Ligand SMILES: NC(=O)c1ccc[n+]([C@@H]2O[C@H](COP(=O)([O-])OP(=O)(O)OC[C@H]3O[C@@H](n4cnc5c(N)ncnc54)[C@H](OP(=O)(O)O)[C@@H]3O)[C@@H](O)[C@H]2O)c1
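One chain is shown next in structure tokens, namely the form predicted on its own.
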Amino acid sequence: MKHSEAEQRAVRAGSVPKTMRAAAIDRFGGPEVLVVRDVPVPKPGAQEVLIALDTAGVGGWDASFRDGSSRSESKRMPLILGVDGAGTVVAAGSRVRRLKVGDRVYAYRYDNPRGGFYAEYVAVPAANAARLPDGLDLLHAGAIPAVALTAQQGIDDALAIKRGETLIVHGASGNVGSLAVQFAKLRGAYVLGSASGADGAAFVRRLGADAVVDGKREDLAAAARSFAPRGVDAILAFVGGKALTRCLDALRKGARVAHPNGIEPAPKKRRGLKLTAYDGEPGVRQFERLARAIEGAELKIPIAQSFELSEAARAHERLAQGHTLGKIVLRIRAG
């Protein structure tokens, strides 16, 4: 894969500076507390890689760290936000063998103690990064590590979806749900996607769902019974609440329900249903499996809007507006 001129400059020996620009907070609050400043470039440890970032994903977890509703393990300020992104390896620790300088990679580490991904450089354990799957560029790769791992592990691990099964992806127009629909179709499932609004329903239909219901205007339980008259085999939920509770009534006995930890309110246990809460986990094996799924599904990765690093506060303002069909990203190296 040909590297851009900017990337070639970034990987030359001795080209890593001592300081970098990063979007960080020194107090909790609204988007206005997110300010770009100069901070030291982290030095990778023996099992870490240093990545010159091209793109960073922007997600709800970032907003929760910014406003203090989720507390970082790091007690130090300024706190650099961001849990995932993509770029080029510019340094590797002495014990790193799988990745090398010059590799294009995407990476995910939640609450990274070395600093987040809203920065020109990030240091992460090599196991938390992987070379880009075939056909994936840095822009789209940087948008998906956290959401794609969560979606794929929900389909393949938490639910173990099999060909011919019926599945409801609840919250299918969201960032994780939109990828889960595609991974479920890769496994040969019949998918009913619940979406938010008419535009959300059209969006999910374009991603390949067999049937779509607008959760704002239509009866999800009735749609589910029509979709699978003998009962739905499984639900992968990315949204909690009353609509999900009603949706559970359409499940057959022995059906499975899975959701990532953190959705509120989470569904309650029911007799005759298997309920699984899980987290999307990074790792060498996990990234290898994800790459196969991305390539097999010919994954569509919608980008709702991109902002430059200096516009990180604006990106959070857009995030707060809600109803984004696709991912919001930061372009760290504009141009």
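Only a predicted model underlies this, so the values are computations on that prediction, with no experimental measurement involved. Each residue number is its position in the shown sequence, starting from 1.
Below, we turn to the form predicted in complex with this ligand, even though it does not appear here.
When you look in the model of the complex, the only residue of 112, 182, 128, 150 with a non-hydrogen atom within 4.5 Å of this ligand is 150. Shown alone, this chain has one stretch from 190 to 198, 228 to 236, 91 to 99, 120 to 128 that lies within 4.5 Å of this ligand in the model of the complex by heavy atoms: 190 to 198. Proximity of residue 82 to this ligand in the model of the complex falls outside the 4.5 Å heavy atom cutoff. Not displayed here, this ligand is approached by residue 280 to within 4.5 Å at the level of heavy atoms in the model of the complex. In the model of the complex, this ligand lies within 4.5 Å of some heavy atom of residue 323. Although the partner is absent from this view, residue 87 stays clear of this ligand in the model of the complex, with no non-hydrogen atom inside 4.5 angstroms. In the model of the complex, the residues of 169 to 189 lying within 4.5 Å of this ligand by at least one heavy atom are, in order, 170, 171, 173, 174, 175, 176, 177.
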